[in-house]
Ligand SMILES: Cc1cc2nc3c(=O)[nH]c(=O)nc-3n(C[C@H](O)[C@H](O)[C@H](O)COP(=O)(O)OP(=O)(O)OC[C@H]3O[C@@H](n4cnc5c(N)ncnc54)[C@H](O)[C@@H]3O)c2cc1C
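Presented as structure tokens, the chain that follows is alone, the form predicted on its own.
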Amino acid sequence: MAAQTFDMIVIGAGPGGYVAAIRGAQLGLKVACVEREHLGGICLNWGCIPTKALLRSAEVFHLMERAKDFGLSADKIGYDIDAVVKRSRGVAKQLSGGIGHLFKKNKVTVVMGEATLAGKGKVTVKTDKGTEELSAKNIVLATGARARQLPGLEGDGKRVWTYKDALQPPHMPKKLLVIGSGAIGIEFASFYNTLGAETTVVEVLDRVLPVEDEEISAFAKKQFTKQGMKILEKSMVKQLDRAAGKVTAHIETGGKVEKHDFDTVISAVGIVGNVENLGLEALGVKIDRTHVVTDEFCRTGVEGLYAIGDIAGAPWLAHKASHEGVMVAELIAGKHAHPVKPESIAGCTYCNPQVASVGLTEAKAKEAGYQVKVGRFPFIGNGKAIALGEPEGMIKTVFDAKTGELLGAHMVGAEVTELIQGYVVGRQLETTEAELMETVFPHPTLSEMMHESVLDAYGRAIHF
């Protein structure tokens, strides 16, 4: 059977791959997208979207418990974990189905199966019906990543869970250990802790949410502790003894190992790129610690072969993957494309309180040799935050003292994942402190704190 020929083949239909395929088709390219499991990838099916649905349930539950604070009464408050999970799966399903519709609308050929690069410009796909041969001058790798499994700490689906198990829990944890306090670990810790699980978080580095600004990490930790979480920093889980109905964790802190019993463990210790069985080595693609090495335009060094999203390395964020997908499709279609700058990409964590940031932390800015001006503003000084009953939080901005360039912005508190975009746009437009100070923010909104934080960096805050 002759190979089907395309202008562009995308391997993987996650937020990088499906966006690249659609943009390519919009630009008049003949596009095929190969996916082995679910349209929408991990993000839509087992990551960003279903976790947000779970966290929303926890947030509403938490508000119901606080009904009295708002002059309301709610009796016999409870939850049905199966119904919470069912809603989350329904949300994921609806969006995954939407991708299929978008592919049809844009005339993208979908091939469900496992792809291998059979040579330059050649892709072999193992499908349910046999093998299909595809060829294209341009191939985009968007195969994503999976949870890192540390020896001895591997998930078993019963008592030791990966993120997939945590999204469809076989039971509701009573005493939970979360290994790793990055975005995934802390979101699950926040969800289960809110629903009443006694939660312990172990982080090997010196603070939770280690990629965030130190002050933001410290503030978040204080809130987590207040909510009853136990946080162990500079600590390591050395081994897990699994028994019927319980897991004994050997946790080392400060050179001393102690044993603790839990009924459930969630392992969230990072991710590894899906680089295996693709035929990359034979083509001479450079791989560094499970990630494909690319230039700023996502080119792999092999002509016509690109890599985008998680497989191409940090930051491991869906929105980075999507933007790279658009950029690569535009390059292939002969358009002028702009590289995606990692430092202009915001990170969002949907724990309670939420955390969001863009650009350099204060420490990183100083390390890079900048003289900085730093502004802060607390939620307690904002009318809308108090009216919402959300007075715990802060916004921090970091400026270059010489030029007024906004180097970074860091937030913790209610709805900060929605607020951060203001600073992202500001950075994209190369805004200085002067424009931000002259901007009129609407009142009463949480966004006013962004204005006040800028003013504070220059000794001009009004409400604090």
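So that there is no doubt, residue numbering starts at 1 and follows the sequence shown. The structure presented is a predicted model; accordingly, all values stated were derived computationally and were not measured.
Below: the form predicted together with the named molecule, not depicted.
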Quick check on Thr51: any heavy atom within 4.5 Å of the named molecule in the model of the complex?
yes
Is there a heavy atom of Ser181 no more than 4.5 Å from a heavy atom of the named molecule in the model of the complex?
no
Given that the partner is absent here, does Gly413 sit within 4.5 Å of the named molecule in the model of the complex, heavy atoms only?
no
Are any of the heavy atoms in Phe188 no more than 4.5 Å from a heavy atom of the named molecule in the model of the complex?
yes
Interface check vs the named molecule in the model of the complex: of Pro173, Gly144, Gly375, Pro353, the one with a heavy atom inside 4.5 Å is Gly144
Could you spot which one of Leu134, Leu153, Leu317, Leu232 gets a heavy atom to within 4.5 Å of the named molecule in the model of the complex?
Leu317
Pick from 235 to 243, 284 to 292, 70 to 78, 317 to 325: which stretch has a heavy atom within 4.5 Å of the named molecule in the model of the complex?
317 to 325
Which of the residues spanning 14 to 38 lie within 4.5 Å of the named molecule in the model of the complex, based on heavy atoms?
Gly14, Pro15, Gly16, Gly17, Val34, Glu35, Arg36, Glu37, His38
